[in-house]
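Just one chain is shown here, as C-alpha coordinates, and it is the form predicted on its own.
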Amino acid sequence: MRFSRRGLIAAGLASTTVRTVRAAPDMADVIVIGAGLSGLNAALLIKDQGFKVTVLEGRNRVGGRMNTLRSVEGNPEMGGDSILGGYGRMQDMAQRLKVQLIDFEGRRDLSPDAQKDPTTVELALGGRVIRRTDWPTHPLNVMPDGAKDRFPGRAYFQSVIDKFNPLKSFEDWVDPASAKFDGSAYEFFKSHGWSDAAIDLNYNTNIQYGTSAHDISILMWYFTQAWFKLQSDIQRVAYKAVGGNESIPEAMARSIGDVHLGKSVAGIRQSANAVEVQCEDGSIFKAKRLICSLPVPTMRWLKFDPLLPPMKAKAIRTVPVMKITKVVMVPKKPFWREDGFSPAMWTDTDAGEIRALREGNDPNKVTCLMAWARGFLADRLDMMSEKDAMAHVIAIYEKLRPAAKGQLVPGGFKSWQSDRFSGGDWVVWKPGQISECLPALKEPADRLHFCGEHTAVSNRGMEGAMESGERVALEVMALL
(Lines give C-alpha, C1' and ligand atoms only; values in the text may rest on other atoms or scores of the structure.)
Protein backbone atom coordinates (compact mmCIF):
# COMPACT_ATOMS: atom_id res chain seq x y z
CA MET A 1 0.00 0.00 0.00
CA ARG A 2 1.25 3.50 -0.77
CA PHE A 3 0.68 6.07 1.98
CA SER A 4 1.72 9.69 1.94
CA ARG A 5 3.84 10.98 4.78
CA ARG A 6 0.90 13.14 5.83
CA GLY A 7 -1.35 10.06 5.91
CA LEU A 8 1.05 8.17 8.16
CA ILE A 9 1.30 11.07 10.56
CA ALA A 10 -2.46 11.35 10.64
CA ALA A 11 -2.71 7.65 11.34
CA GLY A 12 -0.52 8.40 14.31
CA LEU A 13 0.84 5.01 15.22
CA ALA A 14 4.42 6.16 14.85
CA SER A 15 3.79 9.81 15.67
CA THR A 16 3.05 12.08 18.61
CA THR A 17 0.16 13.73 16.76
CA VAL A 18 -2.44 10.99 17.23
CA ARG A 19 -5.99 12.18 16.68
CA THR A 20 -8.36 11.83 19.59
CA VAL A 21 -11.01 9.21 18.99
CA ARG A 22 -14.50 10.37 19.88
CA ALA A 23 -15.56 7.10 21.52
CA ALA A 24 -13.87 3.88 22.54
CA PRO A 25 -14.45 1.21 19.89
CA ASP A 26 -16.34 -1.96 20.68
CA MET A 27 -14.19 -5.01 21.36
CA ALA A 28 -14.56 -7.87 18.90
CA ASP A 29 -13.23 -11.36 19.41
CA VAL A 30 -11.38 -11.21 16.09
CA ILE A 31 -10.61 -8.55 13.50
CA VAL A 32 -9.86 -9.79 10.00
CA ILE A 33 -7.98 -7.42 7.72
CA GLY A 34 -8.73 -8.05 4.06
CA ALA A 35 -11.93 -9.30 2.44
CA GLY A 36 -10.37 -11.61 -0.12
CA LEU A 37 -11.01 -15.35 -0.10
CA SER A 38 -8.61 -16.15 2.73
CA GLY A 39 -9.87 -13.45 5.09
CA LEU A 40 -13.53 -14.11 4.33
CA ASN A 41 -13.13 -17.85 4.80
CA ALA A 42 -11.44 -17.33 8.16
CA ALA A 43 -14.11 -14.84 9.25
CA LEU A 44 -16.98 -17.09 8.18
CA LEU A 45 -15.58 -20.11 10.02
CA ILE A 46 -15.05 -18.07 13.19
CA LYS A 47 -18.49 -16.49 13.02
CA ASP A 48 -20.07 -19.92 12.54
CA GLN A 49 -18.67 -20.90 15.93
CA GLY A 50 -20.39 -17.99 17.66
CA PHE A 51 -17.50 -15.54 17.96
CA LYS A 52 -17.80 -11.84 17.18
CA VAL A 53 -15.74 -11.06 14.08
CA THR A 54 -15.22 -7.80 12.20
CA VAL A 55 -13.78 -7.63 8.68
CA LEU A 56 -11.96 -4.52 7.41
CA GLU A 57 -11.40 -4.03 3.68
CA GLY A 58 -9.58 -1.12 2.09
CA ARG A 59 -11.31 -1.39 -1.28
CA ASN A 60 -14.92 -0.45 -1.90
CA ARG A 61 -15.64 -4.04 -2.89
CA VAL A 62 -14.92 -7.51 -1.53
CA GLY A 63 -13.05 -10.27 -3.31
CA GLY A 64 -9.44 -9.12 -3.23
CA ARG A 65 -7.70 -10.69 -6.23
CA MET A 66 -11.01 -12.13 -7.36
CA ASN A 67 -12.18 -9.47 -9.79
CA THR A 68 -14.85 -9.99 -12.46
CA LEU A 69 -15.20 -7.64 -15.43
CA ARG A 70 -19.00 -7.58 -15.61
CA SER A 71 -19.18 -4.93 -18.31
CA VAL A 72 -18.07 -7.47 -20.96
CA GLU A 73 -20.09 -10.45 -22.21
CA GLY A 74 -19.08 -13.64 -20.44
CA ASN A 75 -17.83 -11.80 -17.33
CA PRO A 76 -14.09 -12.31 -17.95
CA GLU A 77 -11.97 -12.69 -14.86
CA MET A 78 -9.24 -10.14 -14.23
CA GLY A 79 -8.17 -12.21 -11.24
CA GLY A 80 -8.69 -15.87 -10.29
CA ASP A 81 -10.34 -17.51 -13.28
CA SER A 82 -10.84 -21.29 -12.91
CA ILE A 83 -12.08 -23.49 -10.08
CA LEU A 84 -10.37 -26.82 -10.72
CA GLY A 85 -11.18 -30.39 -9.81
CA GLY A 86 -9.33 -30.38 -6.49
CA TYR A 87 -10.71 -27.05 -5.32
CA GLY A 88 -12.89 -28.77 -2.72
CA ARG A 89 -13.20 -25.75 -0.42
CA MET A 90 -14.18 -23.47 -3.27
CA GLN A 91 -16.73 -25.91 -4.63
CA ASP A 92 -18.19 -26.55 -1.18
CA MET A 93 -18.46 -22.82 -0.46
CA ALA A 94 -20.28 -22.20 -3.73
CA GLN A 95 -22.70 -25.01 -2.95
CA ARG A 96 -23.27 -23.81 0.61
CA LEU A 97 -24.01 -20.25 -0.51
CA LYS A 98 -26.03 -21.37 -3.53
CA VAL A 99 -23.68 -19.86 -6.11
CA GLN A 100 -24.08 -21.85 -9.32
CA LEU A 101 -20.94 -23.09 -11.07
CA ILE A 102 -20.59 -23.79 -14.80
CA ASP A 103 -17.87 -26.01 -16.26
CA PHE A 104 -15.95 -24.27 -19.06
CA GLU A 105 -13.29 -26.96 -19.47
CA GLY A 106 -14.69 -28.03 -22.83
CA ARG A 107 -14.22 -24.50 -24.13
CA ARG A 108 -10.51 -24.51 -23.35
CA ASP A 109 -9.47 -27.64 -25.24
CA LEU A 110 -7.03 -26.99 -28.07
CA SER A 111 -7.37 -28.21 -31.64
CA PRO A 112 -5.03 -27.92 -34.61
CA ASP A 113 -7.92 -26.59 -36.70
CA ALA A 114 -8.52 -22.90 -35.93
CA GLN A 115 -11.69 -22.88 -38.02
CA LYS A 116 -13.26 -25.49 -35.75
CA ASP A 117 -11.78 -24.36 -32.45
CA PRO A 118 -10.93 -20.66 -31.99
CA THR A 119 -8.94 -21.38 -28.82
CA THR A 120 -6.09 -22.95 -30.77
CA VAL A 121 -3.01 -20.85 -29.96
CA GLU A 122 -1.00 -19.46 -32.84
CA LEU A 123 2.71 -18.63 -32.61
CA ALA A 124 3.78 -15.08 -33.50
CA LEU A 125 7.50 -14.33 -33.51
CA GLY A 126 9.56 -11.72 -35.28
CA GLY A 127 6.53 -9.73 -36.37
CA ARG A 128 4.58 -12.50 -38.11
CA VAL A 129 2.38 -15.50 -37.40
CA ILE A 130 4.20 -18.78 -38.07
CA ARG A 131 2.20 -21.68 -39.40
CA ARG A 132 2.56 -24.88 -37.44
CA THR A 133 3.69 -26.77 -40.52
CA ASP A 134 6.55 -24.26 -41.02
CA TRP A 135 7.78 -24.24 -37.42
CA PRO A 136 10.01 -27.37 -37.32
CA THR A 137 12.40 -25.91 -39.90
CA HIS A 138 11.85 -22.22 -39.19
CA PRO A 139 15.02 -20.08 -38.68
CA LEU A 140 13.65 -18.79 -35.34
CA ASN A 141 13.25 -22.33 -34.00
CA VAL A 142 15.79 -22.71 -31.20
CA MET A 143 13.92 -25.49 -29.41
CA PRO A 144 16.09 -28.14 -27.72
CA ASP A 145 17.20 -31.15 -29.71
CA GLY A 146 14.39 -33.65 -30.10
CA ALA A 147 11.72 -30.96 -29.67
CA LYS A 148 11.92 -29.00 -32.92
CA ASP A 149 8.32 -29.92 -33.71
CA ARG A 150 7.04 -28.51 -30.40
CA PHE A 151 5.75 -24.98 -30.05
CA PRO A 152 7.58 -22.97 -27.37
CA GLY A 153 6.04 -22.07 -24.03
CA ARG A 154 4.58 -23.64 -20.92
CA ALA A 155 3.11 -26.77 -22.46
CA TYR A 156 6.57 -27.91 -23.49
CA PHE A 157 8.81 -26.82 -20.62
CA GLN A 158 6.29 -27.98 -18.02
CA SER A 159 6.39 -31.45 -19.56
CA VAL A 160 10.16 -31.43 -19.04
CA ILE A 161 9.74 -30.40 -15.40
CA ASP A 162 7.19 -33.18 -14.94
CA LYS A 163 9.59 -35.73 -16.38
CA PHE A 164 12.36 -34.89 -13.92
CA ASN A 165 10.31 -33.97 -10.84
CA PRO A 166 12.07 -35.55 -7.83
CA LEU A 167 9.21 -35.06 -5.34
CA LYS A 168 7.45 -38.25 -4.28
CA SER A 169 4.46 -36.19 -3.15
CA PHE A 170 3.69 -32.61 -4.14
CA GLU A 171 3.48 -31.70 -0.43
CA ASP A 172 7.14 -32.68 0.00
CA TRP A 173 8.18 -29.26 -1.31
CA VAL A 174 8.05 -27.84 2.24
CA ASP A 175 9.99 -30.76 3.74
CA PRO A 176 13.43 -29.51 4.89
CA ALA A 177 14.93 -32.47 3.04
CA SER A 178 13.69 -30.96 -0.23
CA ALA A 179 15.77 -27.81 0.23
CA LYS A 180 18.51 -29.45 -1.83
CA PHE A 181 16.25 -29.09 -4.88
CA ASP A 182 15.73 -25.37 -4.37
CA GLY A 183 17.86 -24.05 -7.22
CA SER A 184 16.82 -21.80 -10.09
CA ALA A 185 14.80 -22.76 -13.13
CA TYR A 186 17.73 -21.58 -15.24
CA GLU A 187 20.07 -24.07 -13.59
CA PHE A 188 17.49 -26.81 -14.12
CA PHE A 189 17.13 -26.18 -17.84
CA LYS A 190 20.88 -25.83 -18.33
CA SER A 191 21.42 -29.16 -16.56
CA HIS A 192 19.21 -30.77 -19.20
CA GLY A 193 21.18 -29.37 -22.09
CA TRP A 194 19.12 -26.32 -23.00
CA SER A 195 20.83 -23.38 -24.68
CA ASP A 196 20.33 -19.86 -23.34
CA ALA A 197 18.33 -19.11 -26.50
CA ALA A 198 15.97 -22.03 -25.78
CA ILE A 199 15.51 -20.89 -22.18
CA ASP A 200 14.82 -17.34 -23.30
CA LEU A 201 12.25 -18.40 -25.90
CA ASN A 202 10.45 -20.98 -23.80
CA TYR A 203 10.57 -19.49 -20.32
CA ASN A 204 11.36 -15.79 -20.43
CA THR A 205 9.28 -14.72 -23.44
CA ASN A 206 5.86 -15.15 -21.81
CA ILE A 207 6.85 -15.85 -18.26
CA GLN A 208 4.60 -17.71 -15.84
CA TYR A 209 6.51 -17.20 -12.59
CA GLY A 210 9.14 -14.61 -11.73
CA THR A 211 10.77 -12.19 -14.15
CA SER A 212 13.32 -14.64 -15.60
CA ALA A 213 14.46 -18.23 -15.22
CA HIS A 214 17.23 -16.94 -12.95
CA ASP A 215 15.04 -15.60 -10.15
CA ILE A 216 12.51 -18.42 -9.70
CA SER A 217 12.74 -21.57 -7.61
CA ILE A 218 12.54 -24.84 -9.53
CA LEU A 219 11.34 -26.43 -6.27
CA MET A 220 8.25 -24.24 -6.48
CA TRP A 221 7.77 -25.50 -10.04
CA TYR A 222 8.06 -29.13 -8.88
CA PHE A 223 5.28 -28.52 -6.37
CA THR A 224 3.12 -26.55 -8.79
CA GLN A 225 3.32 -29.09 -11.57
CA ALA A 226 2.52 -32.04 -9.32
CA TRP A 227 -0.33 -30.09 -7.76
CA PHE A 228 -1.90 -29.17 -11.11
CA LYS A 229 -1.67 -32.80 -12.20
CA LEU A 230 -3.60 -33.76 -9.08
CA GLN A 231 -6.38 -31.31 -10.01
CA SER A 232 -6.92 -33.09 -13.32
CA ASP A 233 -6.62 -36.52 -11.71
CA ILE A 234 -9.43 -35.67 -9.29
CA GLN A 235 -11.72 -34.23 -11.97
CA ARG A 236 -10.93 -32.47 -15.24
CA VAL A 237 -13.09 -29.38 -14.89
CA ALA A 238 -12.73 -25.61 -15.05
CA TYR A 239 -15.67 -24.17 -13.13
CA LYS A 240 -16.67 -20.55 -13.09
CA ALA A 241 -19.42 -18.94 -11.02
CA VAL A 242 -22.54 -17.62 -12.70
CA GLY A 243 -22.12 -13.85 -12.78
CA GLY A 244 -18.35 -14.25 -12.43
CA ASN A 245 -16.14 -15.68 -9.72
CA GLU A 246 -16.46 -12.52 -7.66
CA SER A 247 -19.97 -13.77 -6.86
CA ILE A 248 -18.48 -16.23 -4.36
CA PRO A 249 -16.71 -13.73 -2.06
CA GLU A 250 -19.71 -11.43 -2.38
CA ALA A 251 -21.94 -14.21 -1.04
CA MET A 252 -19.42 -14.95 1.72
CA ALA A 253 -19.42 -11.32 2.81
CA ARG A 254 -23.23 -11.26 2.97
CA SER A 255 -23.13 -14.29 5.25
CA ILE A 256 -20.64 -12.62 7.58
CA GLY A 257 -22.49 -9.32 7.78
CA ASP A 258 -19.97 -7.18 9.69
CA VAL A 259 -17.75 -6.22 6.75
CA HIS A 260 -16.50 -2.63 6.57
CA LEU A 261 -15.46 -1.36 3.13
CA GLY A 262 -13.17 1.61 2.49
CA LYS A 263 -11.22 0.86 5.68
CA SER A 264 -7.60 1.00 4.61
CA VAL A 265 -5.44 -0.02 7.56
CA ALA A 266 -2.49 2.21 8.43
CA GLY A 267 -1.14 0.38 11.46
CA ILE A 268 -1.58 -2.28 14.11
CA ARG A 269 -0.69 -2.03 17.80
CA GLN A 270 -0.65 -4.89 20.28
CA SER A 271 -1.04 -4.67 24.03
CA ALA A 272 -1.02 -7.36 26.69
CA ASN A 273 -4.66 -8.28 26.15
CA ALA A 274 -5.85 -6.71 22.89
CA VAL A 275 -5.02 -5.61 19.36
CA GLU A 276 -5.81 -2.13 18.08
CA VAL A 277 -6.16 -1.32 14.38
CA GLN A 278 -6.09 2.24 13.12
CA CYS A 279 -7.34 3.05 9.64
CA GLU A 280 -6.31 5.88 7.35
CA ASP A 281 -9.59 7.68 8.05
CA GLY A 282 -8.76 7.77 11.77
CA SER A 283 -11.22 5.08 12.83
CA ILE A 284 -10.07 2.50 15.37
CA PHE A 285 -11.09 -1.11 15.86
CA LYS A 286 -10.16 -3.40 18.75
CA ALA A 287 -10.21 -7.16 19.26
CA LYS A 288 -8.69 -9.96 21.28
CA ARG A 289 -6.98 -11.38 18.19
CA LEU A 290 -6.24 -10.16 14.67
CA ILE A 291 -5.98 -12.04 11.39
CA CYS A 292 -4.04 -10.32 8.62
CA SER A 293 -4.91 -11.68 5.19
CA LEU A 294 -3.24 -8.88 3.24
CA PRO A 295 -0.92 -9.71 0.33
CA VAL A 296 2.80 -9.53 1.02
CA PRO A 297 3.44 -6.17 -0.72
CA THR A 298 0.57 -4.51 1.13
CA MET A 299 1.96 -5.53 4.51
CA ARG A 300 5.16 -3.65 3.70
CA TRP A 301 3.33 -0.38 4.19
CA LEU A 302 1.76 -1.18 7.56
CA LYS A 303 3.17 0.15 10.82
CA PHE A 304 3.45 -2.63 13.42
CA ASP A 305 3.86 -1.81 17.11
CA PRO A 306 5.79 -3.66 18.37
CA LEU A 307 7.80 -4.55 15.28
CA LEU A 308 7.32 -7.98 13.75
CA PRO A 309 9.88 -10.73 14.48
CA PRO A 310 13.00 -10.31 12.31
CA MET A 311 12.48 -13.35 10.07
CA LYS A 312 8.83 -12.48 9.40
CA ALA A 313 9.82 -8.88 8.62
CA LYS A 314 12.53 -10.14 6.26
CA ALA A 315 10.08 -12.43 4.45
CA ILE A 316 7.57 -9.61 4.00
CA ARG A 317 10.30 -7.37 2.62
CA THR A 318 11.92 -9.84 0.26
CA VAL A 319 9.41 -12.41 -1.05
CA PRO A 320 8.28 -11.26 -4.52
CA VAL A 321 4.85 -11.49 -6.10
CA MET A 322 3.97 -11.98 -9.74
CA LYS A 323 3.56 -8.93 -11.93
CA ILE A 324 0.62 -9.32 -14.27
CA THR A 325 -1.34 -6.87 -16.39
CA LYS A 326 -4.40 -7.93 -18.38
CA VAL A 327 -5.97 -6.18 -21.36
CA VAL A 328 -9.41 -7.23 -22.62
CA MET A 329 -10.37 -6.66 -26.26
CA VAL A 330 -13.86 -7.28 -27.64
CA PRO A 331 -14.10 -8.34 -31.32
CA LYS A 332 -16.79 -6.72 -33.45
CA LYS A 333 -16.89 -9.76 -35.70
CA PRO A 334 -14.96 -13.06 -36.12
CA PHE A 335 -12.20 -11.56 -38.28
CA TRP A 336 -10.09 -14.72 -37.88
CA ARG A 337 -12.26 -16.43 -40.43
CA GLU A 338 -10.68 -14.17 -43.05
CA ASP A 339 -7.05 -15.08 -42.42
CA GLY A 340 -7.54 -18.68 -41.28
CA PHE A 341 -5.66 -18.28 -37.99
CA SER A 342 -7.03 -18.60 -34.48
CA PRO A 343 -7.55 -15.29 -32.62
CA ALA A 344 -5.46 -16.68 -29.73
CA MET A 345 -1.72 -16.07 -30.02
CA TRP A 346 1.53 -16.61 -28.12
CA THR A 347 3.71 -13.66 -29.06
CA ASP A 348 7.13 -12.13 -28.40
CA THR A 349 5.58 -8.64 -28.23
CA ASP A 350 4.35 -6.37 -25.43
CA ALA A 351 0.94 -8.03 -25.85
CA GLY A 352 2.36 -11.24 -24.41
CA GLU A 353 0.01 -14.21 -24.53
CA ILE A 354 -3.45 -13.57 -26.00
CA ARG A 355 -6.27 -15.92 -25.10
CA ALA A 356 -9.62 -16.30 -26.85
CA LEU A 357 -12.39 -16.65 -24.25
CA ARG A 358 -15.73 -18.33 -24.94
CA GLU A 359 -17.63 -17.67 -21.73
CA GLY A 360 -21.02 -16.44 -22.89
CA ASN A 361 -24.24 -18.34 -23.44
CA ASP A 362 -23.10 -19.52 -26.87
CA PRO A 363 -20.19 -21.95 -26.28
CA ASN A 364 -18.86 -21.36 -29.81
CA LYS A 365 -18.75 -17.56 -29.64
CA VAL A 366 -15.49 -15.79 -28.74
CA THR A 367 -16.72 -13.20 -26.23
CA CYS A 368 -13.40 -11.42 -25.84
CA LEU A 369 -9.65 -11.67 -26.28
CA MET A 370 -7.47 -11.27 -23.18
CA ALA A 371 -3.82 -10.28 -23.38
CA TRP A 372 -1.70 -11.46 -20.44
CA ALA A 373 1.50 -9.48 -19.92
CA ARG A 374 3.62 -10.83 -17.07
CA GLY A 375 6.91 -9.86 -15.47
CA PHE A 376 8.80 -7.16 -17.35
CA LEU A 377 6.09 -7.06 -20.05
CA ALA A 378 3.67 -5.92 -17.35
CA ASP A 379 6.11 -3.17 -16.43
CA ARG A 380 6.15 -2.00 -20.04
CA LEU A 381 2.36 -1.61 -20.17
CA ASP A 382 2.22 -0.04 -16.72
CA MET A 383 4.46 2.81 -17.90
CA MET A 384 1.54 3.92 -20.08
CA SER A 385 -1.91 5.15 -19.16
CA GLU A 386 -4.63 2.51 -19.23
CA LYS A 387 -6.05 4.03 -22.42
CA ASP A 388 -2.67 4.10 -24.13
CA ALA A 389 -1.77 0.57 -22.97
CA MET A 390 -5.00 -0.84 -24.42
CA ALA A 391 -4.45 1.03 -27.67
CA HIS A 392 -0.85 -0.24 -27.78
CA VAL A 393 -1.91 -3.87 -27.41
CA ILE A 394 -4.60 -3.51 -30.06
CA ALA A 395 -2.09 -1.90 -32.44
CA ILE A 396 0.31 -4.81 -31.91
CA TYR A 397 -2.47 -7.29 -32.61
CA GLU A 398 -3.56 -5.45 -35.76
CA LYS A 399 0.00 -5.39 -37.07
CA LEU A 400 0.30 -9.15 -36.64
CA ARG A 401 -3.20 -9.76 -37.95
CA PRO A 402 -4.26 -7.19 -40.60
CA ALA A 403 -7.72 -8.79 -40.73
CA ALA A 404 -8.28 -7.44 -37.21
CA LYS A 405 -7.83 -3.81 -38.29
CA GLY A 406 -10.66 -1.78 -36.77
CA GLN A 407 -12.33 -4.90 -35.38
CA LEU A 408 -11.18 -4.75 -31.73
CA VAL A 409 -12.73 -2.55 -29.05
CA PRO A 410 -10.97 -1.93 -25.69
CA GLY A 411 -12.90 -3.81 -23.03
CA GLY A 412 -10.91 -3.57 -19.82
CA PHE A 413 -7.52 -3.19 -18.16
CA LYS A 414 -6.10 -4.46 -14.88
CA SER A 415 -2.60 -4.04 -13.48
CA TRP A 416 -2.32 -5.99 -10.25
CA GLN A 417 1.07 -4.56 -9.27
CA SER A 418 -0.33 -1.01 -9.64
CA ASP A 419 -3.24 -1.87 -7.34
CA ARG A 420 -2.35 -0.39 -3.95
CA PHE A 421 -4.28 -3.15 -2.19
CA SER A 422 -2.43 -5.96 -3.97
CA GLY A 423 0.97 -4.84 -5.22
CA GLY A 424 0.99 -7.83 -7.59
CA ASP A 425 -0.73 -11.18 -7.90
CA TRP A 426 0.39 -14.56 -6.52
CA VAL A 427 3.60 -15.11 -4.55
CA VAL A 428 6.59 -16.45 -6.48
CA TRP A 429 9.55 -17.90 -4.60
CA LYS A 430 13.16 -17.13 -5.32
CA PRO A 431 15.72 -19.95 -5.03
CA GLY A 432 16.41 -20.63 -1.36
CA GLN A 433 13.41 -18.75 0.03
CA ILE A 434 10.91 -21.56 0.56
CA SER A 435 12.48 -23.21 3.60
CA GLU A 436 13.32 -19.88 5.23
CA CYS A 437 10.48 -17.51 4.36
CA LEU A 438 7.36 -19.65 3.97
CA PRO A 439 7.35 -20.80 7.63
CA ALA A 440 8.01 -17.23 8.76
CA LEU A 441 5.06 -15.84 6.79
CA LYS A 442 2.75 -18.42 8.39
CA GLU A 443 3.87 -17.98 12.00
CA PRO A 444 1.78 -15.82 14.38
CA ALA A 445 3.30 -12.84 16.15
CA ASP A 446 1.72 -12.84 19.61
CA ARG A 447 -1.93 -11.77 18.96
CA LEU A 448 -1.41 -11.34 15.24
CA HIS A 449 -2.16 -14.24 12.91
CA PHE A 450 -1.54 -14.47 9.18
CA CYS A 451 -3.18 -16.09 6.17
CA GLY A 452 -3.35 -15.64 2.41
CA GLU A 453 -2.26 -17.73 -0.56
CA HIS A 454 1.36 -16.89 0.30
CA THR A 455 1.04 -19.01 3.47
CA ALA A 456 -0.58 -22.07 1.83
CA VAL A 457 1.45 -25.28 1.74
CA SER A 458 -0.89 -27.78 0.05
CA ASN A 459 -2.64 -25.68 -2.60
CA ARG A 460 -2.20 -22.77 -4.98
CA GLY A 461 -4.37 -19.86 -6.05
CA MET A 462 -7.96 -19.63 -4.86
CA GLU A 463 -7.87 -22.98 -3.08
CA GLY A 464 -4.60 -22.01 -1.41
CA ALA A 465 -6.26 -18.86 -0.09
CA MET A 466 -9.18 -20.90 1.27
CA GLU A 467 -6.79 -23.42 2.83
CA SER A 468 -4.90 -20.67 4.63
CA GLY A 469 -8.10 -19.07 5.93
CA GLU A 470 -9.19 -22.41 7.35
CA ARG A 471 -5.82 -22.98 9.02
CA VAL A 472 -5.70 -19.58 10.66
CA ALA A 473 -9.33 -19.77 11.86
CA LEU A 474 -8.59 -22.99 13.71
CA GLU A 475 -5.38 -21.48 15.08
CA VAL A 476 -7.19 -18.41 16.45
CA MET A 477 -10.25 -20.18 17.83
CA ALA A 478 -8.01 -22.47 19.87
CA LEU A 479 -6.76 -19.37 21.70
CA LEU A 480 -10.06 -17.55 22.30
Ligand SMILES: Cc1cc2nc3c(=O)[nH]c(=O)nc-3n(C[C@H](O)[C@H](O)[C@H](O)COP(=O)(O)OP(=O)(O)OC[C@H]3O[C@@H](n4cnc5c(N)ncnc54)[C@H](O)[C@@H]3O)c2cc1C
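Worth saying up front: this structure is predicted, and the values here are computed from it rather than measured. Residue numbers run from 1 along the displayed sequence. Definition used throughout: the rigid core is the maximal C-alpha set that superposes within 1.5 Å between two forms.
Beyond what is shown, the protein has a form predicted in complex with the named molecule; the following relates to that form.
Student: The named molecule is absent from this chain, but in the model of the complex, do 80, 416 and 465 each have a non-hydrogen atom within 4.5 Å of it?
Tutor: Checked in the model of the complex: all three residues contact the named molecule.
Student: Between the options 392, 263, 107, 89, which residue brings a heavy atom to within 4.5 Å of the named molecule in the model of the complex?
Tutor: The residue in contact is 263.
Student: Between 298, 217, 202, 342, only one gets a heavy atom within 4.5 angstroms of the named molecule in the model of the complex; which residue is that?
Tutor: Result of the distance check: 298.
Student: Is residue 42 close to the named molecule in the model of the complex, meaning a heavy atom pair under 4.5 Å apart or at it?
Tutor: No, residue 42 stays farther than 4.5 Å from the named molecule in the model of the complex.
Student: Do residue 294 and the named molecule come within 4.5 Å of each other in the model of the complex, heavy atoms counted?
Tutor: Yes, residue 294 sits close enough to the named molecule in the model of the complex that at least one of its heavy atoms falls within 4.5 Å.
Student: Consider residue 324 of the chain shown here, and say whether it contacts the named molecule in the model of the complex, taking contact as heavy atoms within 4.5 Å.
Tutor: Yes, residue 324 is a contact residue.
Student: I'd like to know whether residue 449 contacts the named molecule in the model of the complex, with contact meaning heavy atoms within 4.5 angstroms.
Tutor: Contact with the named molecule, no.
Student: Given a 4.5 Å cut-off on heavy atoms, tell me which of 152-160, 303-311, 264-272, 182-190 is the interface stretch with the named molecule in the model of the complex.
Tutor: Stretch with heavy atoms near the partner: 264-272.
Student: Could you list which residues of 52-67 come within 4.5 Å of the named molecule in the model of the complex, counting heavy atoms only?
Tutor: The stretch 52-67, when checked against the named molecule in the model of the complex, contributes 56, 57, 58, 59, 63, 64, 65, 66 at the 4.5 Å heavy-atom cut-off.
Student: Any chance the CA of residue 460 moves 2 angstroms or more between the shown form and the other one, core superposed?
Tutor: Moves: yes, 2 Å or greater.
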